[in-house]
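Form predicted alone, single chain, as structure tokens, below.
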Amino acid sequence: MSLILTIESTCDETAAAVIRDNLEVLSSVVASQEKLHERFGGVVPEIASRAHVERILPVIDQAIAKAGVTLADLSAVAVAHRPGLAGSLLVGLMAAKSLSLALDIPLIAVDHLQAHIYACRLAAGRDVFPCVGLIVSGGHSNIYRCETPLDFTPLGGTIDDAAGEAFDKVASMLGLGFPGGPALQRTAEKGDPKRFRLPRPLLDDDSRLDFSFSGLKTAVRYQLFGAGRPDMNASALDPQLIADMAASVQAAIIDCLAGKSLLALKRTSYQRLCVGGGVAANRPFRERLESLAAEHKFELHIPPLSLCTDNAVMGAIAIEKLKAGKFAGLDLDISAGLERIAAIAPI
């Protein structure tokens, strides 16, 4: 039976896992960088890449030890090489190439977005393809037609900010801290989602499966602090107003994500929706999709919380390539596509 070491370093989590080719997870290790980026209100690429350099070898060593195997037992090494922060991706890729060369084992390239949907396959314990795949995170809000685990056709995506980015930036405006998504969800539990009338960009446009959250973020700023005012002081805001705004923003984002998901199912005629990414950990979002699945009679797959945020277990998608003999050469390069600081500037 084959063993694969999977490596994940696309953004601010350094992760490694050891997985059998029957999808049995022998170990999973994730080193978070939340504390490093907290004072900046978002992920700083240079800090992230330096932290990966410090942590990548200890994380791999721990994953191997927890699995009860040795490097000599590995059949292949897989690494996420796209998309993500360029410096972060390079750290994981160099580690994987070094192991591939030193151990004389195949190198497997993993698409981070495909891996997020494959997390649904892991959680379900059975095939979930074909499906509509919705990926919602700090850097991505994308919809795909997923015919197989490795055959994705883009249907739509964000034209500006991602949903998770909007959560983080609004949380920063409200003084809720970082990471913004979980903090905003907790605050929203005490708020009235109907207090503020916020836009649902592109929601009523049935001609496209795209998202836009930049205008929503700007609308929040204007309602809180007024137009044309660069100064923002969340500490001067009433706590109930903050809670109501958090609830209103959360409701607006969920409306957009849920509405476009339904449209994608209708357009593809698929009856299965798979959702991945950090925003999929949002409890009201999960509950909305569960309600829609029951109402519209489609099959819904959302991974457990541990497989929503970045991790190396979802790199098990590499097993699909291992079985097909689809290996990468040592000339494999990164394809970033995500090179911005997530939430330092609120607007």
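Everything quoted here is computed from the prediction, not taken from an experiment. All residue numbers are counted from 1 along the displayed sequence.
Keep in mind the form predicted in complex with a small molecule is missing from the figure; the text below concerns it.
Checking 308-316, 24-32, 54-62, 287-295 against the small molecule in the model of the complex, the stretch whose residues place heavy atoms within 4.5 Å of it is 308-316. Not one of Tyr118, Asn142 and Pro303 is positioned with any heavy atom within 4.5 Å of the small molecule in the model of the complex. Interface residue among Pro106, Pro179, Gly191, Pro201, judged by heavy atoms within 4.5 Å of the small molecule in the model of the complex: Pro179. The small molecule is not shown here, but in the model of the complex it comes within 4.5 Å of a heavy atom of Gly164.
The shortest heavy atom separation between Gly133 and the small molecule in the model of the complex exceeds 4.5 Å. In the model of the complex, the small molecule stays beyond 4.5 Å of every heavy atom belonging to Gly92. Although the partner is absent here, Ser248 is not a contact residue: none of its heavy atoms lies within 4.5 angstroms of the small molecule in the model of the complex.
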